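What follows is one chain in structure tokens, specifically the form predicted alone.
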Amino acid sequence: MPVEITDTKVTLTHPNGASVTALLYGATVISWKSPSEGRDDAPPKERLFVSSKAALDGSKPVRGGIPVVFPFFGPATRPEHSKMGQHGFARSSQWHYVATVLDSDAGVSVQLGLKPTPEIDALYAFPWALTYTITLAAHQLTTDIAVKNTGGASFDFQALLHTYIAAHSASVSVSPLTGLTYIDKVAGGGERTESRELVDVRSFTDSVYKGAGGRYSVRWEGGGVDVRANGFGDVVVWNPNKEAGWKIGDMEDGGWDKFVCVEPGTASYWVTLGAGEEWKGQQVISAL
């Protein structure tokens, strides 16, 4: 199955018509098209949302797709991160193609890498290396991130995959989250217990679910996906709605009606990585 590599992006294609494209800038997946399970006779559908105002030229992080968040989630809260903007540097750095690691009837997979540069060293002093593996199957997209401590002392980090699922936000629901404690960032960061069986985003939503189960059903009128996560203890559900969406400069008008973010990550806690150790997180999205 073909792997097309240019100076700016990598594109994978599957015989059933499925495809995925990732920019080398930020290792951001900007498109995943897949037919529904059991509907290979139908044209592949775009499964991710990217704002029509998103910068795709490497000038700023992409508004949409699957941005990679590292070494922290949200705004900087620790002194060692004070020189960096929101969500750290991974989504705004130039990654490189490492290898094609799978090319078979089961799927096609490429690995991208990011290592310290003088520019990053000026922002972040710890020794590290990131690898990001993107795997396309007939009806699935798998993204694996690995963080390696290449130094002699431990450091703390957070990581998250900020996935924008293309969905009808007025009818979308995410489950099962019932009974989980979540941080309600819209209401000032207080903790609440989720009582809803189906979590919606009909109003401004920015919730960090702690100790989530790693399997999430995302459904909306006319479609759905399943999300499976490994290594990520939390999941974030986000949609700015018009209340906050109109303030986002690279969000298209009404874009908030077209997606829900379901983001596996370590958003409420820090991972401590010892000298020479490696941590891995995985997201698997299945098109229904």
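Note that residue numbering follows the sequence shown and begins at 1. These numbers come from a predicted model, not from an experiment.
Keep in mind that the form predicted in complex with a small molecule is not shown, yet the notes after this line are about it.
Enquirer: Tell me, which of 260, 236, 225, 68 has a heavy atom within 4.5 angstroms of the small molecule in the predicted complex?
Expert: So the residue touching the small molecule in the predicted complex, by this definition, is 236.
Enquirer: Given the stretches 99-107, 137-145, 86-94, 165-173, which is the single one in contact with the small molecule in the predicted complex, using a heavy atom cutoff of 4.5 Å?
Expert: Heavy-atom contact with the partner occurs in 86-94.
Enquirer: My question is simply whether residue 155 lines the interface with the small molecule in the predicted complex - judged by any non-hydrogen atom within 4.5 Å.
Expert: Residue 155: no contact with the small molecule in the predicted complex.
Enquirer: Is residue 216 close enough to touch the small molecule in the predicted complex, meaning at least one heavy atom pair within 4.5 Å?
Expert: Close contact is absent here: in the predicted complex, residue 216 is far from the small molecule, nothing within 4.5 Å, heavy atoms only.
Enquirer: Residue-level contact is defined here as any heavy atom of the residue lying within 4.5 Å of the small molecule in the predicted complex; does residue 63 satisfy this criterion?
Expert: Flag for residue 63 set to yes.
Enquirer: Any of the heavy atoms of residue 185 lying within 4.5 Å of the small molecule in the predicted complex?
Expert: Close contact exists here: in the predicted complex, residue 185 approaches the small molecule to within 4.5 Å, heavy atoms only.
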